[in-house]
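The data below hold one chain only, encoded as structure tokens and taken in the form predicted on its own.
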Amino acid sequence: MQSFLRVVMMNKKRPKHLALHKIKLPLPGFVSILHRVSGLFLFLSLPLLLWMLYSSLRSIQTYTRLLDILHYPLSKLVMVALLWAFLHHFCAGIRYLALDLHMGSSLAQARSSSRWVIGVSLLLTVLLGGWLC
């Protein structure tokens, strides 16, 4: 029996490595990966955000120092990236809640809702980021 299984397993042609750059990912899969990346980015930025909250509430000196730091272009870029991460994670989360309720679960609706998530999150990021900067 073992020799039969060994022969069957040896005849299967399996790739030795997975070439990720050759995989054509559909748009809902891309939105899923971005949802995970934005959640990780938000989680890793929690210490920074808590420090900013602490600095803004501690005293007027730390608040003005925080404002000085936030005037640098790099810090504005980080804040806009955090804004995008929050908005994308929020919009994709609403999409996943709707999918859990079996709303929009057909292929065409899933693709359409993926386009909406990307479009709305980018549009809100541009509008709110422009307003904040």
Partner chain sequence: MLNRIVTGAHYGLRDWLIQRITAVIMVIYTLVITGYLLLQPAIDYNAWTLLFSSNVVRTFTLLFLLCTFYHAWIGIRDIVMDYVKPAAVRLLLHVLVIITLLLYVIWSVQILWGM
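Small disclaimer: the values here were computed from a predicted structure and weren't measured. Positions refer to the first chain, counted from 1.
FYI, the form predicted in complex with the partner chain isn't displayed, but the following is about it.
Segment that reaches the partner chain in the predicted complex - one of 77 to 85, 22 to 30, 47 to 55, 103 to 111, heavy atoms within 4.5 Å | Among the listed stretches, the partner-contacting one is 47 to 55.
Taking heavy atoms only, is R95 within 4.5 angstroms of the partner chain in the predicted complex?
-> It does not: once the partner chain is placed as it appears in the predicted complex, R95 has no heavy atom within 4.5 Å of it.
Could you tell me if R36 has a non-hydrogen atom within 4.5 Å of the partner chain in the predicted complex?
-> Output for R36 is yes: heavy atoms within 4.5 Å of the partner chain.
L40 within 4.5 Å of the partner chain in the predicted complex, heavy atoms = Flag for L40 set to yes.
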